[in-house]
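Single chain ahead, written as structure tokens, the form predicted alone.
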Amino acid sequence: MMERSKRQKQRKVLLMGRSGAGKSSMRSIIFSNYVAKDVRRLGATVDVEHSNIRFMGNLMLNLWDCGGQDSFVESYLSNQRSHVFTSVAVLIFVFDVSSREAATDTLSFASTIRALHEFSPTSKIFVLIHKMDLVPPDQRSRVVHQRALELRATCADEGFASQQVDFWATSIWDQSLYRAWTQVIYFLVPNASAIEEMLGRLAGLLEAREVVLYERTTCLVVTHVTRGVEEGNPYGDRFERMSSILKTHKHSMARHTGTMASEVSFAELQIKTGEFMLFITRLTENTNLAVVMASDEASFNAARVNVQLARREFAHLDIVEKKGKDGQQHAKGPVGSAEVEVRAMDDGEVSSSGRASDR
């Protein structure tokens, strides 16, 4: 059993890249419940915007969204150098794949990771090659591969080992953005392997084909366990699709309930077909669990009960400090959630995912 520490774990995350690369847009989609069509109204980031984002209760992301204008970057690399680059857990550097100043972008990246290596040499770097929707589909693989080769060489020159750097092709218009940020979160979550072990035991108890743990606010995948026939599922992006579907569903509920999308949650969602059954329900106050099973009503209902019974074992994932009347620390859950129960009850009924056969 993992250590049930009540101490919040703060992780400093830098979000950097040249002006117009799309940094603030992706941050707003992931953490502020924007949809892609709404980010056009966002202005440029001025200097550094700090956000303390609670994730899974006891993990606090200290996100620094750093403006990419040349004057700001020069300041980060000179008089603010130690302040910006000290104690960094993760650097997310965003490249605009359509930029006509690729050489300048690479020089900016090299200067950034040089400063990072000086003050936080053990940091993890996630390079997001962004706006891939602007590249013709038949050219995307080649473009990403070539850019990654060039940038990996730059990282090596500045002292970062290959395993410290990951590359992801992203766009705000598809699931790739969720996939990349899911990897960031997985790296930051403490004891992720222990969580997977617990989920594995739960999946066996439920006789589930697959269980997927989602963070409730962002709808990002924390981790998953896949078993049996589900290992052959051809839809490799199904987790990110579900993240996008859940986020869209939250926006729909927000419109109908008159609440903010960030405050909306649902009690349970069910999908039943002749090939599989799925339900998504609360596991802890800050996480949802998706369970995929064979199409058997009795096993399905038993699994729902067993997830409720298992909540206590997973509750320590959400330990958060809050001062009570006596000044002591107590657990705190999300505030102002609007609970809406959604069910698709008939075999083959299409849910908000569009096509029930897409699993």
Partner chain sequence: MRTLFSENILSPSPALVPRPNPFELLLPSSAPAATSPSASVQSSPRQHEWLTQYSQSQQRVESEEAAQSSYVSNGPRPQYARRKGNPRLFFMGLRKSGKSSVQKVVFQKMSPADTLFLEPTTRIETDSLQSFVTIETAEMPTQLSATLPTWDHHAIFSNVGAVIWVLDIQDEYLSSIASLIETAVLLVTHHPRITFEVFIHKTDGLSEEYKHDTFREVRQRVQDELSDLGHGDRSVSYYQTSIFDHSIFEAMSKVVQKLLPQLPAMETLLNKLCSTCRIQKAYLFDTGSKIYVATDASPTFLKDYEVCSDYVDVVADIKQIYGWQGHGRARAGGEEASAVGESMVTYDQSGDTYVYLREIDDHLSLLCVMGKGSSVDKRMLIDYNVGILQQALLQVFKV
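Residue numbers count along the first chain shown, from 1. Computed from a predicted model, the values in this text were never measured in an experiment.
A second form of this protein, the form predicted together with the partner chain, is not displayed here; the remarks below concern that form.
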item: Site test, Met242, His249 and Leu278 vs the partner chain in the model of the complex, non-hydrogen atom cutoff 4.5 Å; value: yes
item: Stretch in contact, per heavy atom within 4.5 angstroms of the partner chain in the model of the complex, of 203-211, 106-114, 119-127, 86-94; value: 203-211
item: Met253, heavy atom within 4.5 angstroms of the partner chain in the model of the complex; value: yes
item: Interface membership of Met198, the partner chain in the model of the complex, 4.5 Å heavy atom rule; value: no
item: Partner contact for Asp133 in the model of the complex: the partner chain, 4.5 angstroms, heavy atom; value: no
item: The partner chain contact in the model of the complex: Gln183, any heavy atom under 4.5 Å; value: no
item: Heavy atom within 4.5 Å of the partner chain in the model of the complex - residue from Ser99, Asn191, Asn233, Ser141; value: Asn233
item: Interface residue in the model of the complex among Thr154, Thr273, Thr287, Gln164, criterion: non-hydrogen atom within 4.5 angstroms of the partner chain; value: Thr273
